[in-house]
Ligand code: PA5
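Just the one chain here, the form predicted on its own, laid out as structure tokens.
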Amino acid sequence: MLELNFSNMMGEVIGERGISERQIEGIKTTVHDIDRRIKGRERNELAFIDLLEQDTTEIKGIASDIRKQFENFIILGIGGSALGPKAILEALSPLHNLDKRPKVFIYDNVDPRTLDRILSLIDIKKTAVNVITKSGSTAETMASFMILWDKFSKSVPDAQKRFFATTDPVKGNLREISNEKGFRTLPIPQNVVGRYSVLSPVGLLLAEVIGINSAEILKGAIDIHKKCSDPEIWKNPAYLFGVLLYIMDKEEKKNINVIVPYADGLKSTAEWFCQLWAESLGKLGTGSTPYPSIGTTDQHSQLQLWMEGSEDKVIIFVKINDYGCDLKIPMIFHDMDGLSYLGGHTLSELIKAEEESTELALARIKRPNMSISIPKVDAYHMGQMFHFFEIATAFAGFLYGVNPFNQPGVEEGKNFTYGMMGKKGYEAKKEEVIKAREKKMCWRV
């Protein structure tokens, strides 16, 4: 079971820069109120909790057909529609394309070089495409879809059998196109926001396509949900996680949260968390800034900053108890003091020692940090992590007094893009862009 250790956040361990039990006790009434609001489904978007009990029969059926019929599987999506699948792929099937089929390509941007390279590597006749956008109007996703649909429909007679749409169950451009062309579809429930959708068909179809049992992912989420439903803050790791970071931000001015998994396969999970946390909480002049890192690699690039830079950070370690395999360091180079000490140990011993040492080094100079431990990186515990972070983020949104499910700040940038690309009704936005360009003409070197 996932475990949160927050000892190095507390004043008893790191001194006056830490949090006191009194500070946490002082917020208990608010926590109980938020707990009631979550359980009472105050916001419809809390429907992401209902995903834990979904029927995955249709997902499994479509995934089985994709595995049998295709050698390549392309995902088109951006934000939560890509970060969730990417987190699952890299955690549960690392280096997948080197020895497994179907090969998976996740195109989550509109960099033409990337899509051109993907197209050069695949045989269209042996490729399936999963288009993921809840609204069905996401500019980046729909632009890449339009390119692929044009190429596929000109190259194969049954192109519609190669496209699978994950979108709103009843409305939107992609739903309309799917109905017209005859694409097989999977629904993103209407009240589930994109960045909370990893445990929907958004993530679970990819899991099944690469041979991961989606039921195990959901089982992990169900089990951690029980623990994260306890109204008592000292027993609820998700609520504690949110409260600790909130207090550090509001009372200690530590508003940067560095998340550091000690497993290469969890790098994309850290990136997924950062989108979830940033887009959910960064509103009304509030919220803390998440930053993805990776251990031990970033001990050689960022640790200096964490140790001696500005005291505005909380470091969140993600620890793995069992890596599932190990390699022993041979007993060689006995005459070299700088190497001989390594012989006889294992790589898992070394990476665990590095993580624990970094925790201790930070704590000794009173830099707050906490750790999330999981027994192993597998489907069950990935489900636990996904749901833990989703509950913690939704809870933190209520704590900050913001809506953790909208993203108003993203919309203005989209509107300018619509204007620049000539979308009807956004002509005024195009004019704003043109005027802004004029202002920038003088300030160049």
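Note that residue numbering follows the sequence shown and begins at 1. Everything numeric here is computed off the predicted structure, so don't read it as measured data.
Form predicted together with the ligand: not shown, discussed below.
Although the partner is absent here, V193 is a contact residue: one of its heavy atoms lies within 4.5 angstroms of the ligand in the predicted complex. Although the partner is absent from this view, G287 stays clear of the ligand in the predicted complex, with no non-hydrogen atom inside 4.5 angstroms.
Taking the partner from the other structure, the ligand in the predicted complex has a heavy atom within 4.5 Å of a heavy atom of G79.
Among residues of the shown chain, S200 is not one whose heavy atoms approach the ligand to within 4.5 Å in the predicted complex. Heavy atoms within 4.5 Å of the ligand in the predicted complex are found in exactly one of 92-100, 326-334, 207-215, 134-142, that being 134-142.
With the partner omitted from this view, the residue of D249, E279, D108, E355 that lies near the ligand in the predicted complex is E279 [heavy atom within 4.5 Å]. With the partner removed from view, the residue among T114, S348, S373, Q275 that has a non-hydrogen atom within 4.5 Å of the ligand in the predicted complex turns out to be Q275.
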